[in-house]
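In the block that follows, a single chain appears as structure tokens, in the form predicted alone.
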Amino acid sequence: MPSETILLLGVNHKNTPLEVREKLALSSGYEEPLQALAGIAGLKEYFLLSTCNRVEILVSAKDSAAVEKELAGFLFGDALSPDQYEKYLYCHRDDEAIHHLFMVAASLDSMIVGESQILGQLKEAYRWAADKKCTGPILNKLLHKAFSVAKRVRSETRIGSSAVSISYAAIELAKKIFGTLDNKKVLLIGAGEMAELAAEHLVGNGAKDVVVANRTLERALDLAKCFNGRAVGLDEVSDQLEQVDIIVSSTGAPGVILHKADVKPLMRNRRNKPLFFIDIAVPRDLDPALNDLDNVYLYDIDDLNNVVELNKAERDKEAVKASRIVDEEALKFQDWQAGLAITPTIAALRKKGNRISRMELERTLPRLKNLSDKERKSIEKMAGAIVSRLLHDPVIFLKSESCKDQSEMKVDLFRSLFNLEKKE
């Protein structure tokens, strides 16, 4: 059986600018990309994650450089050529892939360490992959383990208590611009989870009026009710800009929805009162040229990375504990994965031992006349005990650390020594 490799390819906020990431973002959802991945030869299982800060593909595949090359091409499509995307792409294999996934789930690889949104995003992406039957025994086990690692990190460290979310970081910037958020009016463009979080932070910090503009009016009404606000259609955004102070945009639109030319005439009507835009959408909703206007302030997701992090020293200390947990859990999963190779061999060895034991008992017991049922059972028990004792040391060897080095070669040699049937 050819060996299979766990591969993880992707780009993230650490080494890939927003203008590149937004070309890869799956604004249309997971369904079509997952269907497209099915066409790549050599993939056994596959999973796709797309967030504001990362796009990653996780697969179990035949160990082939061709698979890695095809996945990279799939990830970037026509956005960049191979010589252009090489500097952005990272590829982790096996142990490194496992460790990276656990770091992501535990929010240790996030723009703001300790934020809680990434776990929900991972679970949502997994639901899509599982529903489409894209994952199997390896990735199902790996992803569920990632979820439990994140839960353990949250319960055993205080990394979340001193963390700030993307939305909260944006609120800190708003305070720098306005001094206070008391009685500030807010417009949410888009009614997703990020917009809801932003509204919670804004209202919690003194904002009074919340207006929600969304493509689906029903969803806008639902969110507006949570904050005793109002709902409007997307075509009413320009009218609202004259009245509000803070705009949070987080739609799933494929391109810019608000340009400099749309806002410039409104500033005269506003008498140049400050207008603060927070663009937390990928791809970006708002024209970067908005920053050229007087008293207009625009920050996107990459800008938020420059916000001074709250309780940084405490968070970094907790991150050390969390990293140790990730390391420990990654080793446990690697042990489980290594066990997959030896489990069939141990089962085959015991099966052969028991078969030989039964065969010899069937030949011997009929020759022994006048045995009581108790004596017959004692002999059968003794034969089973002999088999177990003989197999004990070989099984211990297969499970030992020394066997993990070049395990496939050693397992094959072991099967040859004991003349076990060929692995399927």
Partner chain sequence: MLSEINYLLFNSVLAVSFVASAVYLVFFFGQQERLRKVARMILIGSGILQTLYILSRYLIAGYTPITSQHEAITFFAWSVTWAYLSFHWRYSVRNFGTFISLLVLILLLVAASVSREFHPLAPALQSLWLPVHAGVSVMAYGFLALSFCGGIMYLLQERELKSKKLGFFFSRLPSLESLDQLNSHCLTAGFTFLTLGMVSGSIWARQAWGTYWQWDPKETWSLITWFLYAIQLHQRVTVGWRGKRAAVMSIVGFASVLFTLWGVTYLLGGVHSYAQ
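Whichever C-alpha set is largest while still superposing within 1.5 Å between the two forms counts as the rigid core. Positions refer to the first chain, counted from 1. Quick caveat: nothing in here was measured; it's all calculated off a predicted structure.
One more form of this protein should be noted, the form predicted in complex with the partner chain, which is absent from this view; the next part is about it.
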{"property": "In the model of the complex, L298 touching the partner chain (heavy atom, 4.5 Å)", "result": "yes"}
{"property": "The partner chain contact at P344 in the model of the complex, heavy atom, 4.5 Å", "result": "no"}
{"property": "Contact flag, D303 vs the partner chain in the model of the complex, heavy atom cut 4.5 Å", "result": "yes"}
{"property": "Touches the partner chain in the model of the complex: R219 (any heavy atom, 4.5 Å)", "result": "no"}
{"property": "Contact segment among 138-146, 266-274, 220-228, 247-255, judged by heavy atoms lying within 4.5 Å of the partner chain in the model of the complex", "result": "266-274"}
{"property": "Selected contact from K352, K260, R158, K132, since only one has a non-hydrogen atom within 4.5 angstroms of the partner chain in the model of the complex", "result": "R158"}
{"property": "The partner chain: the contacting residue among K176, R93, R215, K151 in the model of the complex [heavy atom, 4.5 Å]", "result": "K176"}
{"property": "Residues in 275-295 with any heavy atom within 4.5 Å of the partner chain in the model of the complex", "result": "N291, D292, L293, D294, N295"}
{"property": "Exceeds or equals 2 Å, Cα of F178 between the shown form and the other one, core fit", "result": "yes"}
{"property": "Displaced residue check between the shown form and the other one: I278, CA, 2 Å or over, core reference", "result": "yes"}
{"property": "Core fit, then H92 C-alpha moves 2 Å or more between the shown form and the other one", "result": "no"}
{"property": "Residue pair I278, L48 - Cα distance in the model of the complex, closer or farther (3 Å or more)", "result": "farther"}
